[in-house]
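In structure tokens, the next block holds one chain alone, the form predicted alone.
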């Protein structure tokens, strides 16, 4: 079991109705996406970090490492947003000329990149809240109650499980290669990485076939069944969620963010 799954089953919100967590996730994500501003994105990110770490009891080191993963990709991707290439005269904060073209960073491009970065980070923190506090089985049950087509639910479940198989397989191969000094230098590292990618897909394919065979052996008929614990909605929790979202939306409107 990966740590994300472990914490999804072992956190202080395990007895909370999944619908309440989904409601908090949807409302906060909506405020982050439809009332965008730098301060709103920062507020959403800090709110979710506080809820996940302080209330749900997820270790802050683990949560910080999770945020670093999309954060590093976002920084790389936002370089393309911040950097402008033009042949027209332009006011650059920093720039240089490459032949007839001017390459540099404008104030408008930098502002757009910063806003996009924190907006994306806020949305990711909302997704992490749901992933770290709600097990997949409860999310599937919730989707079925919302009348999501059975085919879509089955695809989500199988893809989620196959992603975990892929990650688990990559971790095992990486550990085996590291124990044999496969990454002691850049040259051996590239060789080991290519072998890891090749072996990972072959082994994960075989593992997925084994998973399908085990499902068929248990009379799999195209629909997965889970045992769900019955939980009741808490009026107190709903009122707290509505109050928090109202304050967040009011702050977003005050800050000037609207789509």
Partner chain sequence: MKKTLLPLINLKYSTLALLYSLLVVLAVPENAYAMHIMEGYLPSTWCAIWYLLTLPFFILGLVSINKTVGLNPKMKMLIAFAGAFAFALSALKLPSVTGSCSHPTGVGLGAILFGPAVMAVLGSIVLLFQALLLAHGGITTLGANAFSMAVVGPFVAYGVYKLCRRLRTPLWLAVFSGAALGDLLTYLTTSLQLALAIPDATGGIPASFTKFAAIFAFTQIPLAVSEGLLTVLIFNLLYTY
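Positions refer to the first chain, counted from 1. We call the rigid core whatever largest set of C-alpha positions still superposes within 1.5 Å between the two forms. Just so it is clear, the structure is predicted and the values come from calculations on it, not from any experiment.
Another form exists, predicted in complex with its partner chain; not displayed. Remarks below refer to it.
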The unique member of 27, 47, 200, 53 whose heavy atoms fall within 4.5 Å of its partner chain in the predicted bound form: 200
Mark residue 233 yes when one of its heavy atoms lies within 4.5 Å of a heavy atom of its partner chain in the predicted bound form, and no otherwise. no
So in the predicted bound form, does residue 77 come within 4.5 Å of its partner chain, heavy atom to heavy atom? yes
Any non-hydrogen atom of residue 116 within 4.5 angstroms of its partner chain in the predicted bound form: yes
Give a yes/no on whether residue 149 approaches its partner chain to within 4.5 Å in the predicted bound form, heavy atoms considered. yes
Sequence-ordered residues of 111-142 touching its partner chain in the predicted bound form, heavy atom within 4.5 Å: 111, 112, 114, 116, 117, 118, 119, 120, 121, 123, 124, 127, 128, 130, 131, 136, 139
Core-aligned C-alpha movement of residue 182 between this form and the one not shown, 2 Å or more: yes
So, does residue 152 move by 2 Å or more at the CA between this form and the one not shown, with the core held fixed? yes
After the core is overlaid between this form and the one not shown, has the C-alpha of residue 81 moved by 2 angstroms or more? no
